[in-house]
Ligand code: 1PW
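Just the one chain here, laid out as structure tokens, in the form predicted on its own.
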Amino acid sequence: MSSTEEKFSLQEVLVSFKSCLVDDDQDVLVEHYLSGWKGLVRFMNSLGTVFSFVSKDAVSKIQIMEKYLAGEHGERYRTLQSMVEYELSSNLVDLNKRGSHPESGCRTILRLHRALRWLQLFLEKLRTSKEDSTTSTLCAEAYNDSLANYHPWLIRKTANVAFLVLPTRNTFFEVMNVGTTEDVVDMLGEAMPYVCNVYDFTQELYSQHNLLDIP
């Protein structure tokens, strides 16, 4: 069983994102960021094929970054800050149009970053929702406020149709393997600030370097 097919653990995602931020929250460790993402992929896969349009892409992006970490310049990819500085100073990023670096670390992380915003919004909506809330509505709202902005019309339409078959809120909470509904809400309450902090740091770093629109 591959690491992305194991049982989902919300605790694991919490620990990974908690471990991400270093240097007084002034940098993000790529290895822990990818670990957190592997957990989120397991979460999406545990709900069937509904989220495969995101999870498949996330898996390929995780693999690209793991190759960088294991490669000869791996140390340069240890943190987001060092990756951005290294790739920009070495002209390894296609800033304005797709060119010879379609799988730069900066572009790859940006794609994960955009998807993280959607999952962050969705999980926060789940956490604060009422028992009879419709998960498909919560998910569609989160998607349309985030990832949909970067997807062509056909993918947006397919996604919104796919969300209609999402299970109930209680099923979502069972998938998280934490315990009671209250336990899940508590752990999401603990985890989401860390996910938010990682997202906000990445957003700020990319904004400073004008990397938020890499094609």
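For every residue, the number given is its place in the sequence shown, counted from 1. What you are looking at is a predicted structure, and each value in this text was computed from that prediction instead of being measured.
Another form, the form predicted in complex with the named molecule, is not on view; read the next lines as being about it.
- Within 2.4 Å of backbone or C-beta atoms of the shown chain, at least 3 atoms of the named molecule land once it is superimposed from its position in the predicted complex; the pocket counts as blocked.
- The candidate spot formed by Leu47, Phe51 and Ile155 lies fully in contact with the named molecule in the predicted complex, as each residue has a heavy atom within 4.5 Å of it.
- Contact annotation: Tyr68 falls outside 4.5 Å of the named molecule in the predicted complex, judged by heavy atom distances.
- For Leu138, no non-hydrogen atom is located within 4.5 Å of the named molecule in the predicted complex, even though that partner is not displayed.
- Under a 4.5 angstroms non-hydrogen atom cutoff, the named molecule in the predicted complex has Leu147 among its neighbouring residues.
- In the predicted complex, the named molecule lies farther than 4.5 Å from every heavy atom of His32.
- Contacts with the named molecule in the predicted complex, taken as any heavy atom within 4.5 Å, map within 102-125 to Arg107, Arg111, Ala115, Trp118, Leu119, Phe122.
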